[in-house]
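Take a look at this one chain, the form predicted alone, written out in structure tokens.
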Amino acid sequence: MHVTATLPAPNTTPTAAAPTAAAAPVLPPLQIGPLTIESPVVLAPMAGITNRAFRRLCREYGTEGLAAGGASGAKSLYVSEMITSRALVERTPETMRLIEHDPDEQPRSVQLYSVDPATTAAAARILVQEDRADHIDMNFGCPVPKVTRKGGGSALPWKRDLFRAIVRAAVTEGAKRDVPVTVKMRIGIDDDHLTYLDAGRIAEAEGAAAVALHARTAAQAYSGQARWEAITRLKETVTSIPVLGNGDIWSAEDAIAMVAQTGADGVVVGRGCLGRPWLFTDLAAAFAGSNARVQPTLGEVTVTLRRHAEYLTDFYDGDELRACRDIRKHIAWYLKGFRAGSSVRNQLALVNSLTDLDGLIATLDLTAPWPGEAAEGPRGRAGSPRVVALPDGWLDSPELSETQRRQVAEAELSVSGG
């Protein structure tokens, strides 16, 4: 069953400030291989978040609400959540769901995770030869222990030859049908094991179409401040392809500041859009030179929340219960800064159907205005600094030992999921 959204289009619900006179764009369109991204903004892959439903919502706001910014029809790049290459090669049902795109979703973008060049090649071949993606992003930034202890994610660029081989494998397959491959990474494992400059050079040399840097180490996870100065250094080092900056972009103003400070060619936005997909409207307007910003009432926010739940129901083939279980984690993000009693918040976090959701929304003061600063700033879990979980002896050398080579090959088989 497919659910038909009956709510107003995004550009009719949020309230945007009146724009100033048209100004020159802050940045030109972003060029990633043959793809032209009109608004130089990328939705960061986020596990359990950037599925087809959430991407649809973000696309609507990034495309529809831009007349005020003088950038009608501007488009950003919206990347899927991380897909495990082995699971894709094995065509597990959930993974095949996760690589689905809406018929009008262009370009279609998929992020791959792998620790093995051969599996990378096989997974990329499926995406390219079966025409399932227009862009492939490679994950070398995930700091999650279950990934890094296998030598993957942000741990992998430390092993330069392995990193090179994986990037080369993906680029080689992508080139067969002009599908560009990009690399997303972190500064390094920790302050004593920085990898981003070497990784940037390697990615550039191997034919990656762009590199994106989350300006934190794996040891930082999402804590502390992103080190934007590292983006500057990477931009100075990698000169022939775009360099994108990621980390601590909570508003359009943050994005403009990052570009001004670092010289980045575009920005990657993750946690900043949680419960706030209209951030893509703000970003597109800002990069088009407008100061128009969306400041929705609580009623307008709940319209977006309800639409998100409908899209999730569609994504899960009409399974309202599964969709509502998914939307629960978004509730606090949508309501951030608004006055909503703890009882209602708790009930919303346990909602089991769209009817239940409607009933609880009706109990809120939907006329409440945008709360301003209370709704701005960081969202999502920050965590705290930690020792990065790694395979035994991983930091002994930037080269793989034979034992580690076998361990990494086995790890490709044992990391499950999408």
Ligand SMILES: Cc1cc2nc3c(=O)[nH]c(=O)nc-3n(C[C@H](O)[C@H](O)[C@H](O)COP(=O)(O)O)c2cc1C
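A residue's number is simply how far along the shown sequence it sits, counting from 1. Source: prediction; values computed, not measured.
One more form of this protein exists, namely the form predicted in complex with this ligand; it is left out here, but the text below deals with it.
> Tell me, please, which stretch of 241 to 249, 287 to 295, 339 to 347, 146 to 154 lies within 4.5 angstroms of this ligand in the predicted bound form when heavy atoms are compared?
Correct option: 241 to 249.
> Within 4.5 Å of this ligand in the predicted bound form, heavy atoms considered, which of 207, 224, 270, 299?
After the contact test, the surviving option is 270.
> Considering 49, 357, 58, 30, which brings a non-hydrogen atom within 4.5 Å of this ligand in the predicted bound form?
Only one option qualifies, and that one is 49.
> Do residue 262 and this ligand share at least one heavy atom pair within 4.5 Å in the predicted bound form?
Residue 262 lies outside the contact set for this ligand.
> Looking in the predicted bound form, any heavy atom of residue 44 within 4.5 Å of this ligand?
Residue-level check for residue 44: yes, a contact with this ligand.
> Since only the chain is shown here, I'm wondering whether residue 109 would be in contact with this ligand in the predicted bound form (any heavy atom pair within 4.5 Å).
Residue 109: no contact with this ligand in the predicted bound form.
> Contact between residue 135 and this ligand in the predicted bound form at 4.5 Å, heavy atoms?
No, no contact at 4.5 Å.
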